[in-house]
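Next come structure tokens for two forms of one protein chain, structure 1 first, structure 2 second.
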Structure 1
């Protein structure tokens, strides 16, 4: 994510004024800035699922002479980066794309870079602000559907070891929404959703906002529909070297938030963890050897 980017700020500020086709093109540009700098307008439009003319109309909408001004902007920004993305992209083109062990290496290097970017000052400030809001809540409602379910569940599971302040909105038989029945202004909703955004997640987040809850969102873009209704937003990259998006950065954010919350109440966290250890030991939950069969 480019910092202090005037064009990005302009796209985000005017996103709601755009037609659906312009929004689709703008979202793709925001989420694939390196690609904007490296490929032709036709290829970018094809990847974004729009007509090439849409890219030109987007430039005009943003008060630019033409699409080349968008590409030049991101080309200049890419040349200023010290991490060599352009060189690696050209190398991959020449090699025809990595396969096998090469792909595994590319994926792991990409994930490492994405997680490392979470330690930038802006994101660290977002994490601390989100942790402050969550720490002050009477109860934290946790929501993540479809692929984001794993992130929401992990946060809720870790927090149950620290106490009973979280409610996972994932009830059986379609009763997940019932969890918000007694929620109010003293509570916070932590919602995780990335493109394509699960409709029910957006509906529940909107309902929580109407009930007066504060909202913390872990999402993937400044133009995510969650941004407008959230008090705190933590942005995570989802780009992947393969056809599916990655949730590794979002899971890292979840773990960091758990750590920050535990650190804000060290004494209470230690007591809760000791109680959890005793409970699990009494139930003989874990083992270090293969048990004998009890036939």
Structure 2
């Protein structure tokens, strides 16, 4: 169970003060926490052998507005547990205030949980397998259109610092996809696409497949059209309480892939990074000393 379960503590603490019926209800809840989240109050009451009203009364006794607060508490706990082990800050604590005051917090906690959920064993296995495939490739072509451009570009950028094996399938004047010209079976295509799927991404992935490339996909669903085309699929959620999808989990996946690849060849990566450093230093790209500010 949860480490710091405030509600459970409160129930235990005030158990002695409760009336017999309340105790019976409380005892059942303590011993069947998951059921609280999964069945209705009336059914829970039936199973606990008490009246429905007793559950409501128990909630009031615990200084809660109603029974729904008990349920939502255990729902959250179950969600958390199912999600994995996200060290999530206490749910909806100080969310008062401004228009979107709650929104920002909710979004961030949601994102945190989504990223945490990526460390499920299946996903980890797919990540490892995908890294294997990418590590063995002669070239890695990276494709991400529209919203997924950010993820594709980020992967490409990091990999550029680590070596010169990646080709980003993008460019001005629609020439981006010419890169696939010389691609072959020794190469791998990393394609990122989420619903709604850009037609062009699917076409290119299919083409790559026909040319014999292996395909690694970062996408959002088991029924994504990329699943049928790809050798390895890494699923990441894109749900958000806004109007648009989130790409934060996808970016996390991309970064993990980079990390895995770098870890496979520590010395090589380090050397490549040093070279990159020298190159960038020669071009004076970065501010090495904090510049005088001249407001």
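Predicted model only: the values in this text are computed from it and were never measured. The term rigid core refers to the most C-alpha atoms you can superpose between the two forms while keeping them within 1.5 Å. Residue numbers count along the first chain shown, from 1.
Assignment of forms: the chain in structure 2 is the form predicted in complex with the DNA, the chain in structure 1 is not. Comparing the forms between structures 1 and 2, the C-alpha position of residue 271 differs by less than 2 angstroms, with the core used for superposition. A movement of the C-alpha atom of residue 252 falling short of 2 angstroms is seen between structures 1 and 2 when the two forms are aligned on their rigid core.
In this overlay on the rigid core, residue 156 has a C-alpha that sits less than 2 Å away from its partner position between structures 1 and 2. The two forms line up on their rigid core, and residue 33 then has its Cα shifted by 21.4 Å between structures 1 and 2.
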